[in-house]
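In the block that follows, a single chain appears as structure tokens, in the form predicted alone.
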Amino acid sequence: MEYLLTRLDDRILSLNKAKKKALVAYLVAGDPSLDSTLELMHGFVDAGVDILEVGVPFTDPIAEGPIIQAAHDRALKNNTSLSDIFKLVEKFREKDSKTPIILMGYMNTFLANSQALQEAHTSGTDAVLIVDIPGESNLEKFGIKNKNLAFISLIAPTTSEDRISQICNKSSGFIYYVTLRGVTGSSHLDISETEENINYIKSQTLLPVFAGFGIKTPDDASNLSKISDGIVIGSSLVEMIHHQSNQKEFKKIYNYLHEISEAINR
């Protein structure tokens, strides 16, 4: 199935022309509330985020470390559903028609709402990242035919070269390279291994390669941005959101994102 160009493709193209690296920021929809999520999404963009990755809460988020798992639990206690998230995206689009939005979640949620996913682009969603389906698969295999949605795939340090080639052939938007062996929020980045693996992926695809998992500091972001086309920040943001949710004062988070944005584009 041929994909149509999305906001995601437009944003990546404009970043390339400006010789800039992409900053992708993740948050869990409904943690601490949907209203706060909407506020944070706009705040992220104002702070320099190029692409938003919105986590869809799931009961068993196997790729996530304890920080993001706890956020999924809190969002589920708030009864956050995929249909709520589509409405959230629609509200976001009332003020921002350009920032790409990726929904990141798990297969059961998306398959249970497959019909809604056929129309997801109408709410303003640009791409999906389904963590627990093989990267060499695609949405069409599961009966979801939407050429307006990019399909983002994960590649890990342990992914074989044969699978990397297949995954690259099935993906659109960008390749998400997982820098660590383990779950989100882990530590111990190995820059030399990451560089070698990203270079191999780039030999197999024209898609940009973004790096994520384990990025906590501006230095982490700067180092990874030198060997990738962009970076993805997740656990550190989710943790900061939780710590500041009682005050509902997120300025510290926006300052942090601004520092990261500057670090990857020096």
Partner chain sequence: MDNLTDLPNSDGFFGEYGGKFVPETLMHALKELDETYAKLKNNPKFIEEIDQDLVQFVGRPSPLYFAKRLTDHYSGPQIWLKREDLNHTGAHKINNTVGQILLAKAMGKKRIIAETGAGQHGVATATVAARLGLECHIYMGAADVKRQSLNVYRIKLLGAQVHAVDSGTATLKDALNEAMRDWVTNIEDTYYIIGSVTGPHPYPMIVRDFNAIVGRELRKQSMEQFEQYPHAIVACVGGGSNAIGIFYPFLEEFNVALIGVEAAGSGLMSGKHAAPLNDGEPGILHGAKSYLMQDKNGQVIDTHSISAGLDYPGVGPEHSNLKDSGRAKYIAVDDDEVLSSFHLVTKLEGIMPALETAHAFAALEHIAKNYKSNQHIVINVSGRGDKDINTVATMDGISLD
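Positions refer to the first chain, counted from 1. Treat the numbers as computed from the prediction; the structure is a model and nothing was measured.
Keep in mind that the form predicted together with the partner chain is not shown, yet the notes after this line are about it.
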Original post:
Which of these stretches, 23 to 31, 50 to 58, 228 to 236, 214 to 222, has heavy atoms within 4.5 Å of the partner chain in the predicted complex?
Top reply: 50 to 58
**OP:** Would you please decide whether Glu90 lies within 4.5 angstroms of the partner chain in the predicted complex, comparing each non-hydrogen atom pair?
**Re:** no
Original post:
Even though the partner chain is not shown here, does Lys147 get within 4.5 Å of it in the predicted complex, heavy atoms only?
Top reply: no
Original post:
Is there a heavy atom of Ser81 lying 4.5 Å or less from a heavy atom of the partner chain in the predicted complex?
Top reply: yes
**OP:** Please check if Lys98 has a heavy atom lying within 4.5 Å of any heavy atom of the partner chain in the predicted complex.
**Re:** no
Subject >> Complete contact of Asp132, Lys141 and Thr159 with the partner chain in the predicted complex (any heavy atom, 4.5 Å) >> reply: yes
**OP:** Please pick, from Asn108, Ser165, Gln118, Thr122, the one residue with any non-hydrogen atom lying within 4.5 angstroms of the partner chain in the predicted complex.
**Re:** Asn108
